[in-house]
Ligand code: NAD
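One chain comes next, on its own, written as structure tokens: the form predicted alone.
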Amino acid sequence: MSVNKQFVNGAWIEAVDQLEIPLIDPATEEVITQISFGNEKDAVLAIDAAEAAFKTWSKTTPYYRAEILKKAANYLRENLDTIAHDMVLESGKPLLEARGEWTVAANLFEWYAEEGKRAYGRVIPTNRIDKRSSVILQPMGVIGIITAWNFPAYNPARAWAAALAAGCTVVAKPSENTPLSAYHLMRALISAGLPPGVLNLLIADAAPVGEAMLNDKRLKKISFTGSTRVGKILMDGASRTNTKLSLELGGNAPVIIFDDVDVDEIAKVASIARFRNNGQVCVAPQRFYIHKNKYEQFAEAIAKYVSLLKVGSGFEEGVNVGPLITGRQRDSVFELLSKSKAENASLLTGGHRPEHLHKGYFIQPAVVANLDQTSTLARNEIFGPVLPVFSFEDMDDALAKANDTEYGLAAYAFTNNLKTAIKVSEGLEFGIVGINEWAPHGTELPFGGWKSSGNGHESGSEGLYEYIEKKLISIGGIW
């Protein structure tokens, strides 16, 4: 079985210590391939390469960089069938979702190809006739980008594309659970003519690589997508070398459903939205708060629609829900369900291993009711196929319960009343709020959280500026 390698300084190479790990198919528990697995030594090599490449890459024009990014976008579109197949193989998500994710990844490369041309800077009128002041924007330097497995193309694409468009060089560490997607992204950039050392790809142990990044003054920033726990470790470590951070961390998104909407219709769509990527989504709608007048109706409807979801291999026609990414992730969801049962919660449907699936990390999607704010499913990010249902009395009660969390990434509300929509959107303590929609994010829109859900932004023009330094140039004594 061939071994998939690291990509450093323009070449595919073995990890320094020549370690390997198996890549497991979460739907079958079988080995897909072997992966070269690095550590801090590989990170240092990659930083060496990125530092050397920055000297020339940072001096290229945004138009030159744009051509490479657009060619990479076209490569992804032209090879969509192959790369979507490999994403299903390594992540388990349904093929339709994989194809959609790769389409968005290509769009991100194209978006930042154009957005890089619009990093304008500005001229500032001063209060002295003999002085001229302006602000110019310059690339930050070498960037470490650590991304998660749940969106193995989208997560890297939005950070890689923005950093490259800004003129930075990159040391990228995607998840070892989903490296095939990262390989395809790398091949897209190689085929587009990306110079050696500009982006270096490591499949490696996260802890030593993160430490190597934090300890190296040549690396100016780390962009991290992952858990709040690890984000806090990075924040503590960043003080050593004053490493800048962008952190896209955990979420526990509330959904507030008022009593002036079609509850059955919302339940039908919610059954799909909640279980996209098996609930392994940081912005996934999680805590469903239903007005007391419609609580019983919604609970009955959502249980009915969720019970109809098809669970199985992502390659199977009509499958809505694939496996969880690992056995460990599956077991953590089962543990949350077990705690909920001990708290006398009511399991309305699902919550068990599907009887027809004897291998793979599958769970039949669950709906859980009879919950309060102290319950396990209210306090924890589930990151799996469980939909908890709560009730609320009025607007103030709904906002108090929705905001009662350490997380602040995404929130949702459904109402046909304009005043209610305005009040709830302004009252929710979250960086992203969707009113009457399940996808309040996009390539051109800023993506970022409040509180323990992180800092900084991805996507949109805000994503580009995360990798740019501002410099004031002031010239005096002109007259």
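Numbers follow the displayed sequence, beginning with 1. Please read all numbers here as calculations on a predicted model, not as lab measurements.
If you look for the form predicted together with this ligand, you will not find it shown, but the lines that follow are about it.
Heavy atom of each of 238, 408 and 466 within 4.5 Å of this ligand in the predicted complex:
Zero of three within 4.5 Å in the predicted complex.
Flag residue 124 as yes or no: does it have a non-hydrogen atom within 4.5 angstroms of any non-hydrogen atom of this ligand in the predicted complex?
Output for residue 124 is no: heavy atoms all beyond 4.5 Å of this ligand.
May I ask you to state whether residue 245 is within 4.5 Å of this ligand in the predicted complex, using heavy atom distances?
Heavy-atom contact with this ligand at 4.5 Å: absent for residue 245.
Applying a 4.5 Å heavy atom distance criterion, does residue 249 contact this ligand in the predicted complex?
Yes, residue 249 sits close enough to this ligand in the predicted complex that at least one of its heavy atoms falls within 4.5 Å.
Although the partner isn't part of this model, could you tell me whether residue 282 comes within 4.5 Å of this ligand in the predicted complex, counting any heavy atom of the residue?
The answer is yes: residue 282 has a heavy atom within 4.5 Å of this ligand.
Heavy atom contact within 4.5 Å of this ligand in the predicted complex, the stretch among 111-119, 71-79, 355-363, 141-149
Among the listed stretches, the partner-contacting one is 141-149.
Counting non-hydrogen atoms within 4.5 angstroms of this ligand in the predicted complex, say which of 322, 385, 254, 174 makes the cut.
Of the candidates 322, 385, 254, 174, 174 is the one lying within 4.5 Å of this ligand in the predicted complex.
Name the single residue among 342, 207, 129, 308 that comes within 4.5 Å of this ligand in the predicted complex, judging by heavy atoms.
Filtering the options by heavy-atom distance leaves 207.
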